[in-house]
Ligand code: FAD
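One chain is shown next in structure tokens, namely the form predicted on its own.
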């Protein structure tokens, strides 16, 4: 275990932003991180737990210690008549876990294929895509309390999952390190092709038989066609959440903007397509220096080379302001700002 001072984080965030940590270390077991957390000089130091670095934007150097989660291991821990229970360490790459489940015919995570990041971060924001969310197949997680160094177990209800939200982004923010996540997966596949693009892609693929592997391949094809690869263009995927408005607000907007895109929610409200709103304000494909809005997906802000995090943040604020001015709707950033 090594603690390094003034450590560059450029290769540890998918935006490729140049920033440094006052202190940096990684850990491959719980004992290592407990040892670091127990050191007196870090008692009152800011702490940032880093996974795949795919959902954050550094706007400045981090004046504290960055701890990289390298916990590894995936195993089938139990099963019942209808389900497999698969436990993954928090440092595992998310997509590799999905591929493991597909290879073993464990159904439930296939719609979440190719989402960047690590397993430990997945419950924090209840990751979701193409008609599925983590909460749909989440069983429990184990997390290390940063102060008392004890492992606590959280079930589905205790995580308080919401749209890109959980208790770990709210009242328990910065208090825990998620060490493992257990998923409840189906023995008999439950196919979810409700997201229209999946069915179209399956047809384009000439898929003769519906399977979790075929759905995964369709999702991967769709994502690759719409979203830039962080290895080629710095980005953190969707930068904004899709805003939720009342039915009354939606009907008022529809009178003025007949083609506005919205999806009915169970609570009676309507979820607006943030990408559509951004496009209508002329931001899609626009660049400001090396910061920009992707030409194929307006929800994605990108670093075309040497953009500073502060420049990408400023661009996001201009977008938020323009949406507010035109539609009276407040966009919220999905990405964590450091």
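A quick note: this is a predicted structure, and the numbers were derived from the prediction, not measured. Positions refer to the first chain, counted from 1.
Not on display, but discussed next: the form predicted in complex with flavin-adenine dinucleotide (FAD).
Would residue 59 show up as a contact with flavin-adenine dinucleotide (FAD) in the model of the complex if we use heavy atoms at 4.5 Å?
-> So residue 59 does not count as contacting flavin-adenine dinucleotide (FAD).
Should residue 129 be counted as a contact of flavin-adenine dinucleotide (FAD) in the model of the complex, where contact means heavy atoms within 4.5 Å?
-> Yes, residue 129 is a contact residue.
Residue 102 within 4.5 Å of flavin-adenine dinucleotide (FAD) in the model of the complex, heavy atoms | Taking the distances in the model of the complex, the answer for residue 102 is no, it never comes within 4.5 Å of flavin-adenine dinucleotide (FAD).
Close approach of residue 303 to flavin-adenine dinucleotide (FAD) in the model of the complex, 4.5 Å, heavy atom = Answer no; every heavy atom of residue 303 is more than 4.5 Å from flavin-adenine dinucleotide (FAD) in the model of the complex.
Listed residue that, although flavin-adenine dinucleotide (FAD) is not shown, lies within 4.5 Å of it in the model of the complex (heavy atoms), from 86, 218, 159, 177 = That would be 177.
With flavin-adenine dinucleotide (FAD) left out of view, choose which of 212, 185, 98, 121 has a non-hydrogen atom within 4.5 angstroms of it in the model of the complex.
-> By the 4.5 Å criterion, the partner-contacting residue is 121.
Looking at 202-210, 248-256, 108-116, 73-81, which one sits within 4.5 Å of flavin-adenine dinucleotide (FAD) in the model of the complex if you count heavy atoms only?
-> Flagged stretch: 108-116.
Quick one: in the model of the complex, does every one of 48, 69 and 164 get a heavy atom within 4.5 Å of flavin-adenine dinucleotide (FAD)?
-> All of them do, each having a heavy atom within 4.5 Å of the partner.
Residues from 235-268 in contact with flavin-adenine dinucleotide (FAD) (non-hydrogen atom within 4.5 Å) in the model of the complex | 235, 236, 237 sit within 4.5 Å of the partner.
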